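Given as structure tokens, the chain that follows is alone and in the form predicted alone.
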Amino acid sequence: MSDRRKRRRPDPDSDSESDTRPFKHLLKPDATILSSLRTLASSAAASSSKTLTLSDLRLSAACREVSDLPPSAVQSAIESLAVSLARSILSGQGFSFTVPSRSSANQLYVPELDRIVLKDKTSLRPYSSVSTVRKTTITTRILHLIHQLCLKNIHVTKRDLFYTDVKLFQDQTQSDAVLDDVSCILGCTRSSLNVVAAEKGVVVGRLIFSDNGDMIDCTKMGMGGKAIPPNIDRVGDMKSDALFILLVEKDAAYMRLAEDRFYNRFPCIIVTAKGQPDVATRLFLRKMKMELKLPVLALVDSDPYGLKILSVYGCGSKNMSYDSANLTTPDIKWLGIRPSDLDKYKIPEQCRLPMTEQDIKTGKDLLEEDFVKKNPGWVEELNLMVKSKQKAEIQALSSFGFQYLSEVYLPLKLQQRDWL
């Protein structure tokens, strides 16, 4: 009986097949790419200079910003506000809050700062008005709760805060919105209020830092990574031998890079907020950038929402423009996935998605934003996206193999210094 050997199916990600993957042959040795990355890191460290402020631009009178305050200072500010309200009531002038307006009309993009700031327009929130009495009551209740937190020097989540008075707040979006109003009224950051969001963002890679006194080595946290602490004030002693920070939009792409230990092949720190950026991740990213003086490269979906997420990290969100000085990370490079990459890397048609009418509208609206107009490369890419009416997720690269992202696409991008 003849010896029959079992035929094995080829693995699309195996070494034997790797040379057939598109553009794999263009990759140079890792040593060459690493040399280029060291130049990038040195350039980022050398260009780090004093961050401009509204005062430097003589805009402090026309715009407002908040600052980090210790619990005792927040407590004193609330007590001073309570005294002024009591005096107003006793003098017969009624009871009302003067609240900085956070509407779109009161936002200003400052090119020199490359971020959105809040202008000085305010609105009155009187207790005597039927239209504002409920919101005034919520504002008073939240001020009372914040005072208790500062007095005890403890932290709670936004969800905890909501459940202290569900019947009054009715919906968490209402208590969350008033929480931002309270930050503006008191002139402090939201984290100064000792109210945090639930843990969402994660980090993995070449980073060691202390979390409330415990030393954390992010190379030893498995593929799940280390959850970013919700209160940034307990983070310190950051150390790293990374050459760059890789900011990833999606959890799926993050997991791929973490499992492949991409950070060992190309020394980096990988961070994600798993979609829409939360305050803790934005604070953590800025802290890494400012303390480690590393360049930040962003990997987002090729759609208008990917670029919006990138802009929130870089220029700030309109909802929290009052705290943009603390929440924005300057000079983030757009690495991919860019609209021009769809044809450049020959992404199959079946992996591309047609843009909806809402997608196209969002893309056109972004083209009208000052922070987009400032960057000609962004404008060119967005125009291409709107014209082609096609979008793609990072996972579209998996059509060439599940490890194509970490083994070909990103190394080639880094080699060619292909970022905006």
Partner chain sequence: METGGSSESPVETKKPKSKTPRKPKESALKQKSPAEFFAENKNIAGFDNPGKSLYTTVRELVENALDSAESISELPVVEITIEEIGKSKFNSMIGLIDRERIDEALYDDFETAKAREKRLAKEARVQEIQAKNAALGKKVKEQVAIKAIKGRGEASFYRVTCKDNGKGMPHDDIPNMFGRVLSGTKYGLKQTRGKFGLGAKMALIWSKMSTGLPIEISSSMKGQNYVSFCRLDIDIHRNIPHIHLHEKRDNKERCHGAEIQVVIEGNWTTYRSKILHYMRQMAVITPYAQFLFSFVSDTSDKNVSIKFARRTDIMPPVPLETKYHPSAVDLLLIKRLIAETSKQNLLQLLQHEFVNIGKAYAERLIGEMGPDFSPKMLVKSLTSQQLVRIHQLFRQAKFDDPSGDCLSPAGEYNLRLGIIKELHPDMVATYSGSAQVFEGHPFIVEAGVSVGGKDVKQGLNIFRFANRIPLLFEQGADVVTRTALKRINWNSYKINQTQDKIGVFVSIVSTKIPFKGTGKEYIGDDISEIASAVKVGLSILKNFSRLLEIYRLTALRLQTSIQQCCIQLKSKIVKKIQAREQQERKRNLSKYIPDATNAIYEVLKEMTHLHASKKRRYEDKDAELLSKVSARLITKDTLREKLAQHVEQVDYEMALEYATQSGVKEEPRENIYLQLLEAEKDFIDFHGPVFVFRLFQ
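Residue numbers count along the first chain shown, from 1. These numbers come from a predicted model, not from an experiment.
Omitted from view is the form predicted in complex with the partner chain, to which the following refers.
Shown alone, this chain has one stretch from 129-137, 304-312, 240-248, 98-106 that lies within 4.5 Å of the partner chain in the model of the complex by heavy atoms: 129-137. Contact check for D165: a heavy atom falls within 4.5 Å of the partner chain in the model of the complex.
Using a 4.5 angstroms threshold between heavy atoms, G92 counts as touching the partner chain in the model of the complex. Put simply, S72 is close to the partner chain in the model of the complex: some heavy atom of it is within 4.5 Å. In the model of the complex, D233 stays away from the partner chain, with no heavy atom inside 4.5 Å. None of D120, E112, E79, D160 but one reaches within 4.5 angstroms of the partner chain in the model of the complex through a heavy atom, and that residue is E79. Checked against the partner chain in the model of the complex, the candidates L151, M290, M215, L124 yield a single residue with a heavy atom inside 4.5 Å, and that residue is L151.
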